[in-house]
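Here you get one chain, nothing else, as C-alpha cells; it is the form predicted on its own.
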Amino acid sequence: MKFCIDNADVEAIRRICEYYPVDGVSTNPSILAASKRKPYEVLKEIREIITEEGELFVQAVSRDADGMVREARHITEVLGKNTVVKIPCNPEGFKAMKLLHAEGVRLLGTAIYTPMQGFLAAKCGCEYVAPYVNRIDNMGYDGVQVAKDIHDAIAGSGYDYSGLLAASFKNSQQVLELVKYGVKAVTVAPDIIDGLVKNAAIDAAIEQFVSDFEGLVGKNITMENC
C-alpha cells in the first residue's frame, strides 16, 4: 500500500518526509489556494522534496474536457512523468480521461462520492480513484464502506491497473480500516499522520526503557558508549 501526504505546506511535507515512509504528495485546488502562493512555485518545491521517484498528484481545474486535456499536458510537462493528473468524475471529466488515457497520461479520478463514479473512472483508464471518506460521512453515509465498495467493484471487474487513493480522513481509525482492507493507497493530512502514532502509552513505555537503562549504567549513557 502506498502512503501519501495530502497537503501543500512545503515545510509540513518536508517534516513528514523526514520521519515517515512517504510515497508521494497529493494536492487539490483548495489545498494550493490555502498556501497563498503561486501554484507551480509550490508544486516545484514539493517535487524537489519527494524527488522524481515520488508521485505528485495535481488537479486540472477547467470545467470542460478540452481544457482538462490541455492542463494535463502542461502539468506533466512542467512537473515530470511521475505526476498523476487528477480529473473530476463528472461527464466532462470522463471524456477527458478517455482522451488522456489514450495519450498515456497517468490519471486519478477525483471528487468521488459514489461507487459508480469510481468504477467509471477505472473503466476510463484512471490509475487511481479518490473517494472522499470524511465528506461522504458528513453527507450521512458511511465513507469507509463506500471506499470499500469502490475497491471491490474495481477488483471484481478486473481493472488491475486501477485502485483507490482514499482521501479526506478525519481520524486515524478511518485510515487503519482501509489499510487493513488492502486498498492501493491512502493520502493523509499531516495532523492525521502525526496522530497515527500519537499515544501516551508509547511515550511511557519508551521513557521506562530509558529510565531503567540509566539506572543500570548512569545518565546520558547509551548502547554506543556503555
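Residue numbers run from 1 along the displayed sequence. If you're wondering where the values come from, they're calculated on a predicted model, not measured in any experiment.
Heads up, the form predicted together with ligand G3P isn't pictured, but that's what we're talking about next.
Just one of Leu43, Ala185, Ala167, Ile193 comes within 4.5 Å of ligand G3P in the model of the complex, counting any heavy atom, and that one is Ala167.
Residue Asn28 is the only one of Asn28, Ser62, Gln174, Ser35 with a heavy atom lying within 4.5 Å of ligand G3P in the model of the complex. Although the partner is absent from this view, Tyr132 contacts ligand G3P in the model of the complex, with a non-hydrogen atom inside 4.5 angstroms.
Taking the partner from the other structure, ligand G3P in the model of the complex has a heavy atom within 4.5 Å of a heavy atom of Lys86. With ligand G3P left out of view, the stretch that reaches within 4.5 Å of it through heavy atoms in the model of the complex is, among 69 to 77, 132 to 140, 91 to 99, 146 to 154, 132 to 140.
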